[in-house]
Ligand code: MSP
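So this first bit is one chain, no partners, the form predicted alone, shown in structure tokens.
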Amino acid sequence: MNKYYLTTPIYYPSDNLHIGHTYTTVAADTIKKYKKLKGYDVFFTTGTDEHGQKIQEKAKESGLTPKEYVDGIVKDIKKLWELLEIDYDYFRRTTDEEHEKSVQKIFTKLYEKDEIYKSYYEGYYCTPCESFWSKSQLVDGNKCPDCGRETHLEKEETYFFRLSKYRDRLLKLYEENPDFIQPESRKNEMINNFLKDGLDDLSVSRSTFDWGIRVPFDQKHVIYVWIDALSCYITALGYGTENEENFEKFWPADVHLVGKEIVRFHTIIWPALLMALDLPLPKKVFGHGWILFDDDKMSKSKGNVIYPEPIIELYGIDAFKYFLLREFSFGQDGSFTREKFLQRLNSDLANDLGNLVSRTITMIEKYNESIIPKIGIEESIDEELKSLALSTYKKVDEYMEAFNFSNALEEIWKLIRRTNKYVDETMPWILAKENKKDRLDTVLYNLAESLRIVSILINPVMTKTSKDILAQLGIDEHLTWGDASSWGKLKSGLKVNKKEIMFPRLDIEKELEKLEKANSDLIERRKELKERNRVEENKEVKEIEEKEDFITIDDFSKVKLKVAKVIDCTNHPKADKLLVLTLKIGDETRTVVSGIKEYYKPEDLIGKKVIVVANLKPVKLRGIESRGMILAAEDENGKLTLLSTLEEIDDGATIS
């Protein structure tokens, strides 16, 4: 059996997904259903990229931990995919324990191969995009070229991936595999905008925040998105675990579906990482366009976001999917308006498809007692319909292979419109009136057979509608894609079962108001829910703090803890239980008096590193001024030990 592996982007769950995000997943789901109908063994991965500074800050604003924050959004994403009946095989979260362990192995392997090294990075950082930019790349002063927001200059220690060494290999990849990047225009962008003048090495760790996967051999650093999120495509298949069966079976990916804004990451950074790991490269990266709203990119800050849930609830899954894939060419930008959606619903679904199904089933009920007849007398016009149906299959198959969903659906609708015209040309009602039963039987059979073929061809996009049509035709067997390649496979003698109209005509003005209100209501409900959750969370935290006598981070920040080295220690001349310690704390020397004489001898402590509270108010203890307090732990059995550090560190180091 042929195998096929496809992926969506690993979505960044900073907020609820709008129809622009939905677009990629609907396309991926359509490809999976199409390939399965053709007999392929398909594996489909999607997921969420949950680490990073932006998520950490969003969570803090909401009064939640980063994990609590992303858990809520991921739950909503999975509910949306369930609502859309997305048939994914694996949902990979970057916070999955298995993924984190595999990513640490990948990072370590790259480091051991000298593909990663430590240095310093200085550049203009955009927090929302989590990207560094050079001065020359900024726009309007110091604004990010991607999102237009303010950047800030940052310098930090970081690990770098040797991306620069892969420029020539990437150019060779593009040359030897002309279909690796689709559409063609995306490949030209990569060459002219990024590869032409060479590549810089890539920062692959961060040390200024801690919400991420720790570098296993350097806990100060977290692994950055390039290795963390991109690796999801292979960790979802079990790479880096004891069970790599799916990885061996399905890798390399047949296609990564991504938005055009992240093509660079998937066609430059990702293949270079795979080359460094000595792993096979994906066969294709397809960068589709954006769904705009009135020719402007959807953005929560602009208030022009349209969510899929209200559309689906009002008009159904299939109407939503059909519009997304029919209205826009997958590789290009397209503008969404509610008017366009409703007009498509009326013209394509109600007038064309819905009308054809209703007319066909009604006439078979009326003129042949609900039974699909045998073919009788044939005429030349029948051959025209058959010929179009067979050529439609070939064209649709070619377009689906190229992810040209819009043209594939247009070809199917040409057949639907031609079949409706066939009804008008053959006029079954006149044939019945004139008692031309043999001719009438042929016409009714041809109408039903055309619908059988249509139902198969629309199945990857409109699965519910496809099943509904087959049920009305009395077909309960499983049909494959190949069953649409020939005419005459419909069995006569099946009993049709008329159902309610699938796509009733709509009053567009009324529906516009209804749709806009539903979208606004959803936004308000989400705002109220987030606020309620925030209030409840803060209430719970406050109750716990009151019960447990917690301190805040502000309270803790008032205490200055330092590493100190004991350079001298003697018995207190006037106290039996006190020791007098001379401590070196960086460039400063202090005296601290501590009641630990029954646990330690003076000579045992000289040269040791201890932790001291450095800003404690000085106090005289039996005549000697003590400037600080040494920290110790004592168990329930009375055993006491001084606190120190896990590894050797300079005295004077700050504890935080």
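Numbers follow the displayed sequence, beginning with 1. Because the structure is a prediction, the values reported are computed rather than measured.
The same protein has a further form, the form predicted in complex with the named molecule, not shown here; the description that follows concerns it.
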**Report entry** Residue (of Y88, Y399, F209, W226) lying close to the named molecule in the predicted bound form, criterion heavy atoms within 4.5 Å
**Finding:** W226
Report summary line: Interface check vs the named molecule in the predicted bound form: of R452, H221, H99, H288, the one with a heavy atom inside 4.5 Å is H288
Query raised in the report: Which of these stretches, 226-234, 510-518, 419-427, 143-151, has heavy atoms within 4.5 Å of the named molecule in the predicted bound form?
Result: 226-234
Query raised in the report: Is there a heavy atom of G259 no more than 4.5 Å from a heavy atom of the named molecule in the predicted bound form?
Result: yes
Query raised in the report: Can R92 be called a contact residue for the named molecule in the predicted bound form at 4.5 Å between heavy atoms?
Result: no
Query raised in the report: Quick one: is D29 in contact with the named molecule in the predicted bound form, heavy atoms, 4.5 Å cut-off?
Result: no
Report task. Check whether H266 has any heavy atom within 4.5 Å of a heavy atom of the named molecule in the predicted bound form, and answer yes or no. Result -> yes
Query raised in the report: If you look in the predicted bound form, which residues in 1-39 sit within 4.5 Å of the named molecule (heavy atoms)?
Result: P9, I10, Y11, Y12, H18, G20, H21, Y23, T24
